[in-house]
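Next up: just one chain, as structure tokens, the form predicted on its own.
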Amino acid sequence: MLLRHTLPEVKERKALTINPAKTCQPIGAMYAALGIHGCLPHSHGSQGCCAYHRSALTRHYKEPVMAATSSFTEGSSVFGGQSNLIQAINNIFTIYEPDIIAVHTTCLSETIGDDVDQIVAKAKDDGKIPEGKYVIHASTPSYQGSHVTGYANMLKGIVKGFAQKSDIPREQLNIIPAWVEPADMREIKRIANMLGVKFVMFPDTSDVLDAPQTGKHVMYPEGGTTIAELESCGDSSYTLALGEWCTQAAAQDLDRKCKVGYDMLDVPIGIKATDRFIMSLSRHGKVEVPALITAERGRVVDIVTDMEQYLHGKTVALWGDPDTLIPLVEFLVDLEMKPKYIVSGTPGKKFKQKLEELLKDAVPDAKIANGPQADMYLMHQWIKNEKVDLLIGNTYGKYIARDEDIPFLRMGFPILDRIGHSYFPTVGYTGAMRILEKILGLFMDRQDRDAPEESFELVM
């Protein structure tokens, strides 16, 4: 197998990443842009970059991902990509007729120093951007950060390009979700609607990357946040930002630009994080929490009460994005499980601090790492030294799961070898029930597999 040469002896690495627990910034920027209605993402770089970003999203979502590229050649790399981007903007509006082009940079355009702000301004001056159409942009060099960073940078570009402050305040909230699945965005909206809160959510990839099959190709699906909604977010009364790594910068920019205050919340994964989200919705939306929501919470608690004996003391290794790992670890601790190894390729000083605080009593000896050298090789080394009962992370953990014979729950980005992640939420109380069902199913399947004949029970 691929990883059977992993060495158990852990040595410090400063310049080498092996099987990174992340991917590159432009993929995150492209995903965020797809959550805006009538928007065509544009990769300012070579064709190969754009093809990779599209294929990464297509393989995860099993949906066609439309995007354009500046198609750099050797000449563009030497003399700059201004003419390519201006020509691309003209061609895209003429042929594909989007309402918005969302430009993100790549390693190549960042390295040669293209000033995208200036290029877009020139395209507008030259009449290449039609009246009522928009070009927004984000700086997303792949050699820094991760796909999470790219998502965050494109959200900043959306706020810069659209948020406006008028003299007419609106009784509505802004909800800015971190990188979560389309089903999660739909669930967040369902919860807000159940509370009766008026809101604008951006981005919103529901009905874009999980659009129904109608037999006809649609360039711009029905879903996504509209231009009018984006423009109105500057008049909202408050913002709920879900996930610090993905959304804090955009929420701060919106506050600076339009004086809209914000709550910095975790992605509502698990019971406590969902509680905090719903109470913030209730407080800032000035509404009561309905009995139907309370009943959903009660069902999660009932599952935990009924099945605690299968969860107690089980050790877990997790990898993925900070904004999903932090509330997920909190949920696992509430289940009396022991998150023992945690890795994220996304940098950020607060990651380790937050997890250490969460785990200081439950798992004081947990191993936590993030940044460039926090990779799947390190995760496998830790597991080789002391195994765990469960793995949770993206598809790239399947090699470790096979090599070490450990049950594996796929969660995060990318998931390339299963379906369902984009259709069934993991946020909210409904998502918590799904996570519980999948974890319990894995443990019970393993118990059935390993049970001797005399202990092979019909009822567990």
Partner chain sequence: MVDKKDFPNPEAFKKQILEKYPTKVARKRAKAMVVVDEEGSAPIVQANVRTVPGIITQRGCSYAGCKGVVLGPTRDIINITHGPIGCGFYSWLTRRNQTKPDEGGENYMAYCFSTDMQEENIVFGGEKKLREAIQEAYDMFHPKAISVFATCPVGLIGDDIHAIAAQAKEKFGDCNVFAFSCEGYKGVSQSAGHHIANNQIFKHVVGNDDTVQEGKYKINLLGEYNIGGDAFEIERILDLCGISLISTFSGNSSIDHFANSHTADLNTVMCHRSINYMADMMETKFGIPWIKVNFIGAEATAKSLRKIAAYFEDKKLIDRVEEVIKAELPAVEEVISTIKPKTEGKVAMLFVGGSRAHHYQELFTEIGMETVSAGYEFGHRDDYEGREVLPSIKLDADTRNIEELKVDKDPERYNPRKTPEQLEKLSKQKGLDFAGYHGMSKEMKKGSMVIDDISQWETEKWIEYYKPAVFCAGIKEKYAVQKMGVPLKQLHSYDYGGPYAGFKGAINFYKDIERITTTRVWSLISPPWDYSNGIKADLVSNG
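Residue numbers count along the first chain shown, from 1. A quick note: this is a predicted structure, and the numbers were derived from the prediction, not measured.
A second form of this protein, the form predicted together with the partner chain, is not displayed here; the remarks below concern that form.
*Asks:* So the partner chain isn't shown here. In the predicted bound form, which residue out of Leu409, Met433, Ala67, Ala401 has a non-hydrogen atom within 4.5 Å of it?
*Replies:* Exactly one listed residue reaches within 4.5 Å, namely Ala67.
*Asks:* Quick one: of Ala369, Leu108, Ala362, Met307, which gets a non-hydrogen atom within 4.5 angstroms of the partner chain in the predicted bound form?
*Replies:* Of Ala369, Leu108, Ala362, Met307, the residue with a heavy atom within 4.5 Å of the partner chain in the predicted bound form is Leu108.
*Asks:* Quick one: which of 354 to 362, 248 to 256, 163 to 171, 83 to 91 gets within 4.5 Å of the partner chain in the predicted bound form, going by heavy atoms?
*Replies:* Only one stretch qualifies here: 83 to 91.
*Asks:* Check whether Lys216 has any heavy atom within 4.5 Å of a heavy atom of the partner chain in the predicted bound form, and answer yes or no.
*Replies:* Lys216 belongs to the contact set for the partner chain.
*Asks:* Check Gly38 for me: does it contact the partner chain in the predicted bound form (non-hydrogen atoms, 4.5 angstroms)?
*Replies:* Contact check for Gly38: no, nothing within 4.5 Å of the partner chain in the predicted bound form.
*Asks:* Do Ala211 and the partner chain come within 4.5 Å of each other in the predicted bound form, heavy atoms counted?
*Replies:* Ala211 belongs to the contact set for the partner chain.
*Asks:* Can you tell me if Ala291 lies within 4.5 angstroms of the partner chain in the predicted bound form, counting non-hydrogen atoms only?
*Replies:* Close contact is absent here: in the predicted bound form, Ala291 is far from the partner chain, nothing within 4.5 Å, heavy atoms only.
*Asks:* Heavy atoms within 4.5 Å of the partner chain in the predicted bound form is the criterion; list the residues of 110 to 146 that meet it.
*Replies:* Heavy-atom contacts to the partner chain in the predicted bound form: Thr111, Ile112, Ser142, Tyr143, Gln144.
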